[in-house]
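Take a look at this single chain, the form predicted alone, given in structure tokens.
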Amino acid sequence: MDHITFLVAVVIVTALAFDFTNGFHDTANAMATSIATGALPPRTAVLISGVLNVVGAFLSTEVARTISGGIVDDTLVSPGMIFAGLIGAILWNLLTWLVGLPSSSSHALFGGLIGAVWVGAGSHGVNFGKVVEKVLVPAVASPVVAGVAALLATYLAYRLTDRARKDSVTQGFRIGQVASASLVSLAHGTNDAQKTMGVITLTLISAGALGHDAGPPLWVIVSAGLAIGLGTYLGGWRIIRTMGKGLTEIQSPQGFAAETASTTVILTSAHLGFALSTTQVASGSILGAGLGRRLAEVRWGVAGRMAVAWVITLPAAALVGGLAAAVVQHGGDPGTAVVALVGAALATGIVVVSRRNPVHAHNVNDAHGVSIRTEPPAKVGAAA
């Protein structure tokens, strides 16, 4: 434990804070459609999702190895760079959560790390070939594959049940959604908790506490799983509303098809070590499910805003991570403190603004979108 300096400890805590935001930011990926169709009560849904995210964290470490020894050169990375990258990722997560935009927590993390390492170690510190292979290609392919799979599954679901009683079909697919949404949660833990494991492992390697190309220790796996599970349980209700109601009106056969397609793509990619965005996969599946049902309305304006967010997430987080890394690199410990204080102040401000228009378990299905009030409401409820 001699290698665990104060800065390393701060980085580990910050990584777990990112993992927590990843949990509530991405709850919608697993449970938005089940909540929207009434297959699960909101609080029950996030509880199941939180528990299964923890379980999923123990199933694989391939994605963690991609991050700790893949997209950046771990011999050139310092804990200060990792800290700067995490600040960029956390702020982007909170900003997109505020406006209810399902952007990619994964790409926020990758962007923050790439920007920080590029500034701190130079362009040779980033393995751009691995970034293209393990991040960018899956980012383009995965939502398309998931969307096409969900479209075909939705079409078949309605064709096969065309002559059955509607209430029986709805009830049957709602039961199926409990299983399919649970599998998405398990897959999310398998994929996304590993990203924080990879960051903490990279930090320990850079500090000399672990050897080059080492995998995550057990305590890292446990802590990352618990952090993402707790964040998931708190529920990112703002993004759940957008995913469940904003893209299209989801019925239970569509929800089952979307969740099944998402699970298949996420688990396959986790096994192969592809650090894809579960948000993009889930969004692609929901869009595909919307297109697979005749006369279903797809809100292309919402889909377009999401697509723009997907494109700018990685460079935006990289910019913040790079700026933070410059302050840390040139300012030393005082610079690190400044970055931490500014990040904490911005995060607190975002949470305060969110409370002016709270979205919670009791009103998550009441509207299609999330708005931001400039003035606080007369009576404020619990926000999430």
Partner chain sequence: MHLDWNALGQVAAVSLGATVAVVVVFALGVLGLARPEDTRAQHALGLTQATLCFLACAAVVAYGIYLIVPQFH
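Computed from a prediction, not measured in an experiment: that's the story for all the values here. Numbering follows the first chain given and starts at 1.
Below, we refer to the form predicted in complex with its partner chain, which is not included among the displayed structures.
- Note that among 230-238, 130-138, 87-95, 198-206, the stretch whose heavy atoms approach its partner chain to within 4.5 Å in the predicted bound form is 130-138.
- Heavy atoms of no residue among A15, V72 and I82 are located within 4.5 Å of its partner chain in the predicted bound form.
- Checked against its partner chain in the predicted bound form, the candidates A214, A303, A296, L183 yield a single residue with a heavy atom inside 4.5 Å, and that residue is L183.
- Of the listed positions (M243, A257, L109, A193), a single one reaches within 4.5 angstroms of its partner chain by any non-hydrogen atom in the predicted bound form, namely A257.
- Although the partner is absent here, S269 sits close enough that one of its heavy atoms falls within 4.5 Å of its partner chain in the predicted bound form.
- In the predicted bound form, R165 approaches its partner chain with a heavy atom inside 4.5 Å.
- At the 4.5 Å threshold, heavy atoms of V77 stay clear of its partner chain in the predicted bound form, well away from it.
- Remark: L59 counts among the residues lining its partner chain in the predicted bound form, judged by a heavy atom distance of 4.5 Å or less.
- Residues from 157-178 that approach its partner chain in the predicted bound form with a non-hydrogen atom closer than or equal to 4.5 Å are A157, L160, T161, R163, A164, R165, S168, V169, G172, F173, G176, in the order they occur in the chain.
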